[in-house]
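As structure tokens, one chain now follows by itself in the form predicted on its own.
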Amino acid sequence: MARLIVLGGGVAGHTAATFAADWLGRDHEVVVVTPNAKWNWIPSNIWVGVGQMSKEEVTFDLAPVYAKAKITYKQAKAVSLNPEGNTQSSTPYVSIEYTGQGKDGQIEEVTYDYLINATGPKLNFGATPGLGEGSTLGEHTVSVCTADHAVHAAHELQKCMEKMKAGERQKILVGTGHGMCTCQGAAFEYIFNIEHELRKAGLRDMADIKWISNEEFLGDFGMGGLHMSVGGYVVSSRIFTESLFAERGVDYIIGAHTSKVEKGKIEYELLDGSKGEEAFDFSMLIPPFAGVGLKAYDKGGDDITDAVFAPNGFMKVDADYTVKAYEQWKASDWPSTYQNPIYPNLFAAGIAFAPPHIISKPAKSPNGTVINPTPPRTGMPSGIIGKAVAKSICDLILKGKDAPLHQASMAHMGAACVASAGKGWLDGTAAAMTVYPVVPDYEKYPGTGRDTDYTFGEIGLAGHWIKHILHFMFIYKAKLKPFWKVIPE
């Protein structure tokens, strides 16, 4: 019997584990190690953050789902990897520390034949002074990165709205909390959902709403922007996004590194080296992401973390990590199988793999401060990668170690995104976009880097309906309800 351990129960890990358990059957074991007791459909956290959904509507208990799938579930966090075993045994294992199931704080060493690192990101609030401490949200701003964070955000937003009702004008600031953040899309959705809720409540004229982002231009979204077909014309995401900001009366600061957060105020630095301050009464700033801090040790107990993980804490895979000038970056630099180059039974999926470089053009201020988005690897790409990695491992187990690996390069992958700009069955809006490929290929598609026949976008009520339907569809799939496998990633 072979044992596959999946570290993480998010989109990538949950997808990998559930498909692997289905494909491997009862003759092999699938183990999920995650510190969370609940699964969270993170894209809907923005609706929780404006009070339009409850925490219970975006989460469910993992234990019964894994019991149904015959997956061994350990509510614990991974601490370290020993891919060579130790001096007593050559069997690889992972050390975990329990966070629940009545075993809090207990350490266990779990052996494996194959392992998928799908731990996702550490929310690195501590990277910006005042934003938080380590991975813990601070007291000056809110977040929608977790369901609990979003509940807190809704509570603080409601207090802000009560002040408006009392005649007190409020300043709202939403965006990125560091010069190297990713996930601009979540902040984008949140700011426009706030704007929508204020209009519904008749309070829009009592709020000054401002966006702050590390993007060089609006509509970059960590993908270097894109050219897409809209209404029969090819337009840039910059024009698409700037039009929405103008239509909704939302001001913005771009090319910004949030360098410090205090009560009611942030300090920032721009790409031109200038510095400024921005006051706020309510603020949601996305933190930068980092690896969760897994360590790795060889057979003798020596630290080999730097060999297995990149400096940012994400796992090295089959990418080209050679340091190159921006003009030399290629789509082929990106990984396709997500197998670790040193230990072939180690794979990474979703946010946990180390990208070879950013997608947007690199940028620094004259002061040397890096201000550019890091690559998005969430949502649909995470699910596709998780499924492909699971299929590779299942084939290695069932067909032998010479079985070819499945590929899911982001440079050959299309993705769909539905970004909410306000919730409501009759007055809601969302920007529905597709992009192909996610990582631009300027050799294949000169000029734009993407196929404009498959990269398009529209905004309107229909997009909102699609996003709402997807909310129920993906939670249904994650719960392994009947015919869950036919729902695409």
Partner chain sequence: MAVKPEEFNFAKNDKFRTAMIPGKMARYLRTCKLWQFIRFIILNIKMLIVVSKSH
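Positions refer to the first chain, counted from 1. Keep in mind that what you see is a predicted model, and the values were worked out from it rather than measured.
One more form of this protein exists, namely the form predicted in complex with the partner chain; it is left out here, but the text below deals with it.
With a 4.5 Å cutoff on heavy atoms, Val435 counts as touching the partner chain in the predicted bound form.
Although the partner is absent here, Tyr343 lies well away from the partner chain in the predicted bound form, with no heavy atom inside 4.5 Å. The shortest heavy atom separation between Val323 and the partner chain in the predicted bound form exceeds 4.5 Å. The partner chain is not drawn, but in the predicted bound form it has no heavy atom within 4.5 Å of Ala166. Contact with the partner chain in the predicted bound form, judged as any non-hydrogen atom within 4.5 angstroms, is confined among 66-74, 25-33, 426-434, 43-51 to 426-434. Checking His412, His149, Lys391, His140 for any heavy atom within 4.5 Å of the partner chain in the predicted bound form turns up a single hit: His412. Think of it this way: in the predicted bound form, the partner chain has a heavy atom of just one of Glu277, Asp104, Asp303, Glu247 within 4.5 Å, and the residue is Glu247.
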